[in-house]
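Listed next as structure tokens is one chain, alone, in the form predicted on its own.
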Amino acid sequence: MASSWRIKKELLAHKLVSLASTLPAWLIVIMFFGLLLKARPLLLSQSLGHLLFSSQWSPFKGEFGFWPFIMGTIWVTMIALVVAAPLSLLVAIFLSEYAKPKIREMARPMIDLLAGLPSVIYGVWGILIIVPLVGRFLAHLCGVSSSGYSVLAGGLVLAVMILPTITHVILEVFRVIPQAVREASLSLGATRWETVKLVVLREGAPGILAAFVLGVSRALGETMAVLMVVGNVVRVPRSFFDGGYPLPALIANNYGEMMSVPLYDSALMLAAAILFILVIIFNFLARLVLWRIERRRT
């Protein structure tokens, strides 16, 4: 009898754990369809293709073109990734493989502190440092005129924001690689850099890619810091020094202020759904690359 009761409890626990494991997937589906439901009035009034690829944004005239906001989001995020990915990888390699233990232990709390700072602090820092740097130095160096409030400024601020997050994850990836693997490589005559390049990076490639995905996911959804430095100009950026208007800034700037405008609430919900889809697409592509890397290794 006791054995039968134990089996029933085991089956119940198994079902509860299985149900809990599917909860994140259900939450994603519920959130996405909730956004689509709120955006339905706009989707019924205009075609999705027109909404996505039109550059006309005039809510009072009923024109809701999301193309400038989509491109602004992509510009800022890609700049942040291009700047932060190599820097964070190099910092992680130095701290993991070259730095003395004392330096490593001092750096870890500082990285965690940077990762936990509120985004508004990064935004103020961007206004005081990055915007003047872009407007007065980088733009002048490239022979163009810019106020400094641009997608480049937004991308640089985002790069600084996601750098500690990516670095922290890569450090954890390197830490789980057995030290014996490094010692075996060194004992065969490989230099320290050859060991890093051919052993550490190869073993940690899936984890490094996951760190980049985590950083980009944060960059895609970041609002306050980008809103403060990107310029908030409704146009498709043509260069690094043009202003932009990412989707998170659009939602944060306007939600609650212009709800009396017909279809405006639906437009902002559709903007959130588009951002949601961008995050899912990027994660799917990263998972595809990760799957190919693991397949090659096996």
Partner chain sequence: MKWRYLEEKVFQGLMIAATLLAALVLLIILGTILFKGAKALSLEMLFRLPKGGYYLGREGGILNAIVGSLQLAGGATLLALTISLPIVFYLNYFTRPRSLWPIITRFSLDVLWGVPSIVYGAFGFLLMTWLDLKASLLLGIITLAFLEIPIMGRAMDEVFKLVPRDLLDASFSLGATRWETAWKVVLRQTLPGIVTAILIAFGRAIGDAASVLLTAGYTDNLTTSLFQPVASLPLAIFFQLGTPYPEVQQRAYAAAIILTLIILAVSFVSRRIARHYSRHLVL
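Computed from a prediction, not measured in an experiment: that's the story for all the values here. Basically, rigid core = biggest C-alpha set you can superpose within 1.5 Å across the two forms. Numbering follows the first chain given and starts at 1.
If you look for the form predicted together with the partner chain, you will not find it shown, but the lines that follow are about it.
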Subject >> Options 61 to 69, 264 to 272, 48 to 56, 235 to 243; stretch whose heavy atom lies within 4.5 Å of the partner chain in the model of the complex >> reply: 264 to 272
**OP:** Please check if Glu172 has a heavy atom lying within 4.5 Å of any heavy atom of the partner chain in the model of the complex.
**Re:** no
Original post:
Are any of the heavy atoms in Lys197 no more than 4.5 Å from a heavy atom of the partner chain in the model of the complex?
Top reply: yes
**OP:** Consider Ser145 of the chain shown here, and say whether it contacts the partner chain in the model of the complex, taking contact as heavy atoms within 4.5 Å.
**Re:** no
Original post:
If you check in the model of the complex, is Met228 within 4.5 Å of the partner chain, heavy atoms only?
Top reply: yes
Subject >> Sequence-ordered list of residues in 184 to 199 near the partner chain in the model of the complex, where near means a heavy atom within 4.5 Å >> reply: Gly189, Ala190, Thr191, Arg192, Trp193, Glu194, Lys197
Original post:
Comparing between the shown form and the other one on the rigid core, is the C-alpha shift at Ile28 2 Å or larger?
Top reply: yes
